[in-house]
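Shown next as structure tokens: one chain only, the form predicted on its own.
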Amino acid sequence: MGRTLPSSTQNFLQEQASFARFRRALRRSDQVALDDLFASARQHLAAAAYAANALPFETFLLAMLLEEHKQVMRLRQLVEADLHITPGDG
């Protein structure tokens, strides 16, 4: 019989658990930010299943980065829209 590989969700939960002591050492505000990053990665577990060649944590970091970049792009669009709406108000 072949070896059973852990699922993306199992890998994710294992990686998240491995950072428990690190998380506890952080300030409360940083704990909230770290929790938010892990929540971002959790949104992409289905896609992570297709990245079998990468290390699991690399995949989760990329998912976190993806969500952060999406937020930057949304904020950039808001700033650019605001600048275009009120160019003569300065």
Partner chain sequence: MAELTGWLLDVYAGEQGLTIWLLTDNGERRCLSQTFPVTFFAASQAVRQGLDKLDLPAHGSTSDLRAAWRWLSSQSEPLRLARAERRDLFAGPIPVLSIEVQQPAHLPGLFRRFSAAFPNLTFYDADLPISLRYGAVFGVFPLCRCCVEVQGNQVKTILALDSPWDLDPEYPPLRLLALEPDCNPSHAVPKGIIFSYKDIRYRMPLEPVRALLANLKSILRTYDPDMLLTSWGDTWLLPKLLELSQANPLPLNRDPSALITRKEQRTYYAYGQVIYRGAQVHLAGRWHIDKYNAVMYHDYGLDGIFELARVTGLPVQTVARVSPGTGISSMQIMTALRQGVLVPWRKQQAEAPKNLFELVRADMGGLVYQPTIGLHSNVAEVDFVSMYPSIMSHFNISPETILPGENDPQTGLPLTRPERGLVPTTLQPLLQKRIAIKSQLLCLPKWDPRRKRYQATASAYKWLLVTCFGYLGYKNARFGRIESHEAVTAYGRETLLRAKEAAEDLGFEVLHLYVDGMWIKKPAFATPADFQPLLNEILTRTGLPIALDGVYRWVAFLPSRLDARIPVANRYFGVFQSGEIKVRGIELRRRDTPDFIRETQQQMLNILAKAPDAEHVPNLLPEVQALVHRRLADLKRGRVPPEKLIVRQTLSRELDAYRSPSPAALAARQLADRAAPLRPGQVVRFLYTLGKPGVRAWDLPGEMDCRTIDVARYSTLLERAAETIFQPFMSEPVETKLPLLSGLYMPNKTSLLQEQAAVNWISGTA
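Residue numbers count along the first chain shown, from 1. Just so you know, these numbers come straight off a predicted model, no measurement behind them.
Note that the form predicted together with the partner chain isn't included here; everything after this is about it.
Peer 1: Using the partner position in the predicted complex, report whether residue 51 sits within 4.5 Å of the partner chain, counting heavy atoms only.
Peer 2: Because a heavy atom of residue 51 falls inside 4.5 Å of the partner chain in the predicted complex, the answer is yes.
Peer 1: Under a 4.5 Å heavy atom criterion, is residue 30 part of the interface with the partner chain in the predicted complex?
Peer 2: Taking the distances in the predicted complex, the answer for residue 30 is no, it never comes within 4.5 Å of the partner chain.
Peer 1: When the contact criterion is heavy atoms within 4.5 Å, does residue 24 count as touching the partner chain in the predicted complex?
Peer 2: No.
Peer 1: Taking the partner chain as it sits in the predicted complex, is residue 5 in contact with it (heavy atom to heavy atom, 4.5 Å or less)?
Peer 2: Looking in the predicted complex, residue contacts with the partner chain include residue 5, since a heavy atom lies within 4.5 Å.
Peer 1: In the predicted complex, which residues of 26 to 40 put a heavy atom within 4.5 Å of the partner chain?
Peer 2: Those in contact are 35, 36, 39.
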